[in-house]
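In the form predicted on its own, a lone chain appears below as structure tokens.
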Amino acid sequence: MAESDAPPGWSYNPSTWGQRLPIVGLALVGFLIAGYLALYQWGIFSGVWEPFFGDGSRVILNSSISRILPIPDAALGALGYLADAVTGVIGRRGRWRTMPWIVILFGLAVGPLGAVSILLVILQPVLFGEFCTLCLASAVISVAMIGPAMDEFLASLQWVKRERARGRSAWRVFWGLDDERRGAPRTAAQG
């Protein structure tokens, strides 16, 4: 697939490696940060690095909010970042069209993680009067990933909608099973 094979109406292809690799790189950095914070929350590390906010990281990472679920919130963040990285590398440059299911899963992994990160950053000073440097860094990473991931997400949604309007099964298009450019089986009506 050539670079010019962008989604209809688009000036670029949001599924190229040049578009996805920065998101995957950010996800891996986020995974390392969240993994480090999770190890602290599990007690594997006795201290946590905090260059700017004194005891802020300890307060935030040991707060009631961080322990609402059975596993620490940083561990969930690490799993989310790992899901972002894995779903970001699956597929080729035309995945917006050939694999809408993975692109939509990718968008659903990136988008909510960014929203939760924003919420947690807002809660830090409001509930605890503190900040956590690595938590803020993780939130910045999450938010930076949203825009580029949503471009590809939108391209796939538009593709499924467009193909449905052409009379194709949205379900089959979503799963990449009804793509005439890949030699998908023709129906009796198509001849």
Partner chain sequence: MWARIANAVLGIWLMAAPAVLGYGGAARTNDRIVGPIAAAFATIAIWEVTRSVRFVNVALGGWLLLAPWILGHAPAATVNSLVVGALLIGFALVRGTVEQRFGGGWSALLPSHTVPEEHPAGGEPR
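Because the structure is predicted, anything quoted here is derived from the model rather than measured. Residue numbers count along the first chain shown, from 1.
Just so it is clear, the following notes concern the form predicted together with its partner chain, a form of the same protein that is not shown.
- The contact with its partner chain in the predicted complex, taken as any heavy atom within 4.5 Å, belongs to Val143 out of Ala137, Val143, Ile65, Val29.
- Put simply, of Ala75, Val121, Ile104, Ala83 only one has a heavy atom within 4.5 Å of its partner chain in the predicted complex, and it is Val121.
- Its partner chain in the predicted complex comes within 4.5 Å of no heavy atom belonging to Ile44.
- Within 4.5 Å of some heavy atom of its partner chain in the predicted complex lies at least one heavy atom of Val126.
- Leu154 belongs to the set of residues with a heavy atom inside 4.5 Å of its partner chain in the predicted complex.
- Proximity of Tyr12 to its partner chain in the predicted complex: non-hydrogen atoms within 4.5 Å are present.
- Contact with its partner chain, judged by heavy atoms within 4.5 Å in the predicted complex, is confined among 29-37, 44-52, 66-74, 157-165 to 157-165.
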